[in-house]
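Quick setup: the structure tokens below cover two forms of a single protein chain, split into structure 1 and structure 2.
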Structure 1
């Protein structure tokens, strides 16, 4: 009954777009991505940019994207750092922040003295034995472990690189506890990203290069997911999730063309 199922789909109102690996890789834009974004902006949809990046604060991220020629407003970006900060404020805890120093501005005003929680993002400078052991002891003493996300790896110019996931998993294993994950692929992250759009998940589509965190997470939240073969994508990634991606495209411009031609 595929026809009837498709008929039940609501008209598309919101497009969620991943950043690193989908629009850009470090300081290089995906070819044609700026022009494709302009074309998407001409459509009657709300656009939100959703990212798990913990390498830099939102202000620096926006500056990087603007320099690459992307027309993006700060209030259109929803980051896992924002989601983590929201959770810290809700729980009223003082975190040991294992995040890149460039991400710290997004935690301004959060007390970190005498920590009673552990927050892990991508922090290559801090992932050494002494710091991991400090986090381990805090968790053993009852501190909650909060993972900004658990990505296995991400794409850099010189190849794939370990994400925070393996370090979170190590702390989980050593302390026999489970982390609270705030970023993609968590359903709450996608629902938070839609807040203020007046849109339900069935009226949204997600475009990203991570089959599990972007596409699988979005589809589990009720959206459609489009996987792009750029960034961290590896052959046969689309077979790693069930249900499979709604669509797999070569890149962001191709995904935009599909949306403009078939989903509006």
Structure 2
């Protein structure tokens, strides 16, 4: 019932912005992005910067973005690590953290002694038999298994390398349980990103370059999604999800223009 949906469309309250591929490509900012962000801040919206990562803590992300000329506060950043932390706090559990050392600062303040939960990120140094058995026994005894994400593999300079996904799959099989996956494109990631903004998904928009993980995931959570043609975008990506992105445009500055003109 498109007519009814249009009538019920609410004013925009929150904008979620992907980082890599949307605001910056590696060590260069997307041209005009810093200015566009300034313009967006002149509007009455809450902004959150969201990303999947298993080994960059907020502090490191903030440093990189600040160096590129973006005006961002640490508490505006929400990552898959943050999502994992929030889940641990909600459930009041103490995790065995199979995560990169560089990610640990995002878990400061969470008790880890006598663990009754398991968190798995990309952590090759922890995926040896002894540690996997520790995790396995905890989960078999009822500890929830939380996966930062379930990527199968990733590209390294010298070839492909196993991601955290296979190890999560192995633990799921051995314990006959299912992991809670907290990163994009899970619905819970987007809902968690909105926590504290005082708005519902229908009052939010997500801007990203990954059609499936950013736009598809956000729209599946009830938000509107704006796909930008930078970063990992490939022609016709917008045809790969259903429903199609609310908007496909050139880049972050164009997305901001659209928001300022049409969504407030």
Partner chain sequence: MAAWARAVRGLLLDVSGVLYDSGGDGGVPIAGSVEAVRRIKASGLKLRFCTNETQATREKFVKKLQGMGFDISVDEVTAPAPAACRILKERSLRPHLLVHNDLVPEFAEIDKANPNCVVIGDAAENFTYANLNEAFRVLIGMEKPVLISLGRGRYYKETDGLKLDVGAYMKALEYACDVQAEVVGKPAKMFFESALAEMGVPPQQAIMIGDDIVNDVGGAQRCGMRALQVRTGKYRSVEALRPALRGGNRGKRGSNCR
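Numbering follows the first chain given and starts at 1. Here, rigid core means the biggest group of C-alpha atoms that superpose within 1.5 Å across both forms. In this text, all values refer to a predicted model and were calculated from it rather than measured experimentally.
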**Request:** Report the structure number, 1 or 2, for the form predicted in complex with the partner chain.
**Result:** 2
**Item:** C-alpha of residue 54 moved at least 2 Å between the two structures on rigid core
**Value:** yes
**Asked** Using the core for the fit, does the CA position of residue 88 change by 2 Å or more between the two structures?
**Response** yes
**Prompt:** Superposing on the rigid core, is the CA of residue 77 displaced by 2 Å or more between the two structures?
**Reply:** no
**Prompt:** To one decimal place, what C-alpha displacement in Å is found for residue 103 between the two structures with the rigid core superposed?
**Reply:** 3.7
**Item:** Rigid-core-fitted C-alpha displacement of residue 122 between the two structures (angstrom)
**Value:** 5.6
**Complete:** Here the CA of residue 142, compared between the two structures on the core, is shifted in angstrom by 10.7
